[in-house]
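Heads up, what comes next is one protein chain in two forms, each shown on its own as structure tokens, labelled structure 1 and structure 2.
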Structure 1
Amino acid sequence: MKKLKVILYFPPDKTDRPFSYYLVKDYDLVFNILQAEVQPGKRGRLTVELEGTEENIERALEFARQNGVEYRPFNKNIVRNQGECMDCGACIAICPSGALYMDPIDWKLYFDESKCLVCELCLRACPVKAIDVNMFV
């Protein structure tokens, strides 16, 4: 099984279709909605993590493209330098997905990459610049 994070961009005339239904039913994909900004009749954006066979993911993305839904795979990720981090928590309040969190037992800062939306808000919030972005192809 493969996992892939993508951002789907819906034109205004496509936001009223049950797109996620087709991903599950026709392409046997498991998906996790990480962020959604979709309203009927307006341009929409859906950030999802798709899980399934490589072939089914490719087929589903082709279905999206053929139906006017553009997509962009995540091509970067957030990296936290634990040696530089002071565990101050300045980044926690700004993180919309909860990927950065403080453990109430040891008061250490932790990062759950699977929840990260790569919005890069944490980069600006970190006072010691212990957070960076890696680009990959």
Structure 2
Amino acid sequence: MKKLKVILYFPPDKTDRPFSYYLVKDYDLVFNILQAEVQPGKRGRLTVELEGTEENIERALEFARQNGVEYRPFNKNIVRNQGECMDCGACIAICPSGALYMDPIDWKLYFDESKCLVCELCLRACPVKAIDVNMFV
């Protein structure tokens, strides 16, 4: 089994189709939506984590391409500089997914990258700039 985070771009005329249904049903993928911007009549964007066999993921992405849905690997992540962090908590106030959280025993800040949506709100909230966004290819 393989996990892959991708961003899917839907042309305006494709946002009304139950695309994720086909991915689940025909390709047996576990499908976790991390972030969605889908409005009727507009270009849609869906950040998803796909889990399945390598072959099924490849076939599913080929199916997407043939249907006019473009995709690219999710190539950003949030990096926390532990040395700079003061464990204050300003970032957990705005983290929508709970990826940044405080342990209620030691009151240190922890970051669970698997939950991160890379919405980047924490970059603005951190008072000591201990959070950065990392681009990779």
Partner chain sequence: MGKTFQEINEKIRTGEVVVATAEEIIDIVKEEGIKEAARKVDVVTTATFGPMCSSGAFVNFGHSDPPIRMNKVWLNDVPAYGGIAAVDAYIGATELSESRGLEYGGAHVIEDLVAGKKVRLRAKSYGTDCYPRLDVDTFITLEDLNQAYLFNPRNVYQNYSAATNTSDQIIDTYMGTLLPRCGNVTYSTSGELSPLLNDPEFRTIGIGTRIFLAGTQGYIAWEGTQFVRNKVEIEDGVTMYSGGTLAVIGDLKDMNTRYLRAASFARYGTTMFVGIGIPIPVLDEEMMEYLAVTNRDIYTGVVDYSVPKRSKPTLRRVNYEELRSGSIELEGKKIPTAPLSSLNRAREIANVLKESIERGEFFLQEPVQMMPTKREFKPLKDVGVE
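Numbers follow structure 1, counted from its first residue as 1. Everything numeric here is computed off the predicted structure, so don't read it as measured data.
Only structure 2 of the pair represents the form predicted in complex with the partner chain. Scanning F111, P73, D103, L117 for the location where one rigid part gives way to the other between structures 1 and 2 picks out P73 as the hinge.
Once the larger rigid part is held fixed by C-alpha superposition between structures 1 and 2, the smaller part shows a rotation of 17 degrees.
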